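Heads up, what comes next is one protein chain in two forms, each shown on its own as structure tokens, labelled structure 1 and structure 2.
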Structure 1
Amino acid sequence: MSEKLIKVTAEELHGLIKNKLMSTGMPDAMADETANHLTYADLRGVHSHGAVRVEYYSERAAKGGVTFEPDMRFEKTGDSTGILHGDNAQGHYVANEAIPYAVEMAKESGVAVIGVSKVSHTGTLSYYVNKIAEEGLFAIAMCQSDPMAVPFGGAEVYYGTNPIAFAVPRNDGPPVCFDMATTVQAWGKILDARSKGRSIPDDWAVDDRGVATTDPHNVAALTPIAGAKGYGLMMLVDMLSGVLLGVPHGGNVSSMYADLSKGRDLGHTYIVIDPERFIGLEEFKKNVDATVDELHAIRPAEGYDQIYYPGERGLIRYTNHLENGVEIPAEIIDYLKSDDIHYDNYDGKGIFAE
């Protein structure tokens, strides 16, 4: 894709995404929530999980890989545990539907561990934990990803980007919210670089020889963050969102592109804690605010203007884009405005859609 960008408002972007998804036959509520999520991602500057994903989601939905009328059911397995069975509906929609269960259970029991079983790709985890933190709760979320990263010391892929996120409430501003992949960079960032015709840093990925590459079109595998430490985190996420829920895990997680006519059977997990049961909510929020103030007061190193708390720059981008609009590649906007549902760009492709 070209470097040409078009600025659109959040409302315009949401409308374009929702209309395109509904053109696949996706129900209004499911398309609306997915559009909410993708618009949020672009506003926060996580363009890898925003509008660039719509054509892929549309192709999967149009080819039957998303259940439009899911038999979703919540199974309460204990006082503070449960599983929302998603029947391979759109992941963003199902994961969002699990939030009220997690919030209610955490407030009743002090803690909740909620699994979301058998769904498609669920997108940006910060979207969900931020919502939970706005209810005065400490939220952690994680989910599986299809194998695309080499394990530490390995030459073949096994785990995915396996992201993890957390958010905590505060008094003096929106929740502190941080979201990261357990690879040096998420695959979606590679996809974003492709869409904008840009190279990537040489520590993000390797080619088919296992050699570092800066060409986003030449990526054969991603690399774990911090070597063996990131590798361990990948396993943690897979154990909690895959093995624990009885869905395919590790190297058996379904490929994003292998067969778009089938559901992906992915897992997603929330761990939610009520601070009121520990230090008390008000004291907890007071201490979070103090932490933010202390971080902001730290003298920055040479070349840096100030210290930001984890996730703060994403919040700054979100606020700016919400007020002033966000730039999206022109080819993506053209696609969203077109009458075409998709262009058969993904079905049957390899892990990096090639």
Structure 2
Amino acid sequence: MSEKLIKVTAEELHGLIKNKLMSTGMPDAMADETANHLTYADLRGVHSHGAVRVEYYSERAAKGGVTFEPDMRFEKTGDSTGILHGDNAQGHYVANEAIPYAVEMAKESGVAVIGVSKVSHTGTLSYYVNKIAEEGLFAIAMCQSDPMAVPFGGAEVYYGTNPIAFAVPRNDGPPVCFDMATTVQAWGKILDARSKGRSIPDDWAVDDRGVATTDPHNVAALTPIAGAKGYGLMMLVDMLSGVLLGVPHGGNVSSMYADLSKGRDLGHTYIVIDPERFIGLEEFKKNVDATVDELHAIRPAEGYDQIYYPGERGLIRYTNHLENGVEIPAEIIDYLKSDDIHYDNYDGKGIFAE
């Protein structure tokens, strides 16, 4: 992709994304919510989960891999538990639809564990946990993603980049929000190193023997963060958002690019806790504020300007981009403005699209 960037407002970006998605036949509400999500991702600076994905989503939608008229159904399975059956509609839309159930249930019973079953890719998890935390709740989210990481010590892929996120409310600003993949790096970073002719650090990925490699052209799989510990976290995510919901799990999770005419059957889970049932919301928020203040007061290490709380830099980027516009690669803007729905770039790829 060329380095040329074009600055657009959030509103312009949202309109372009929604328009393109609707050109696939996607209904207005589904395209609108997906555009909300992708615009948010670009504003936060999580460009890997923003407008760059529209061509892939459009190709899948146009080829039948997204249910446009889903038979979505919320199944309340207990006072604090439920499953939103997503019928393989667009993942961002379905995962967002589950939020009101999670919020209401947590406020009624103190905690809510909500599974979102059979969805496509759900994007950047901070979007959801921030929304829930804005309601005065402690939110945790996680989801499955397609297998591209070795289990610790393995030479074959098994788990995905299985992300996990949490957000907590406070008084002095928007929620504190932590959101990460459980692999050291995303595949996009390997592609970036390839295109720039650079080597990669030796903890990012392994070759087909399972041996750490610094050559981005030799990468056969990504590695879990912190070795066996990240591997355990990947498993936790898959247990809670896959095994628990009865969707394909572990190495059987569908590949993002293998067959774009079929639904992905992914799982996504929320765990929501009402602080009112513990220390009380006001006290909780005060203590989160105190944590932030204490962290900000920590002396930075040499080479660092200050301590940021998780999500703080994303929030700064979001505020700046909302006010001043966000730079998006010209190629993406050209595609969004074109009459083309997609360029057949993704279907039938292996575990990694290049």
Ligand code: NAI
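As the structure is a prediction and not an experimental result, all values here were calculated from the model. By rigid core we mean the largest C-alpha set that fits within 1.5 Å across both forms. For residue numbers, the reference is structure 1: its sequence is counted from 1.
In this pair, structure 1 matches the form predicted alone, whereas the other structure does not.
Superimposing on the larger rigid part's C-alpha atoms between structure 1 and structure 2 leaves the smaller part rotated by 25 degrees.
Superposed on the rigid core, the forms differ at residue 186: its CA is offset by 2.8 Å between structure 1 and structure 2. Shown is the Cα shift of residue 195 between structure 1 and structure 2 after rigid core superposition, which amounts to 9.0 Å.
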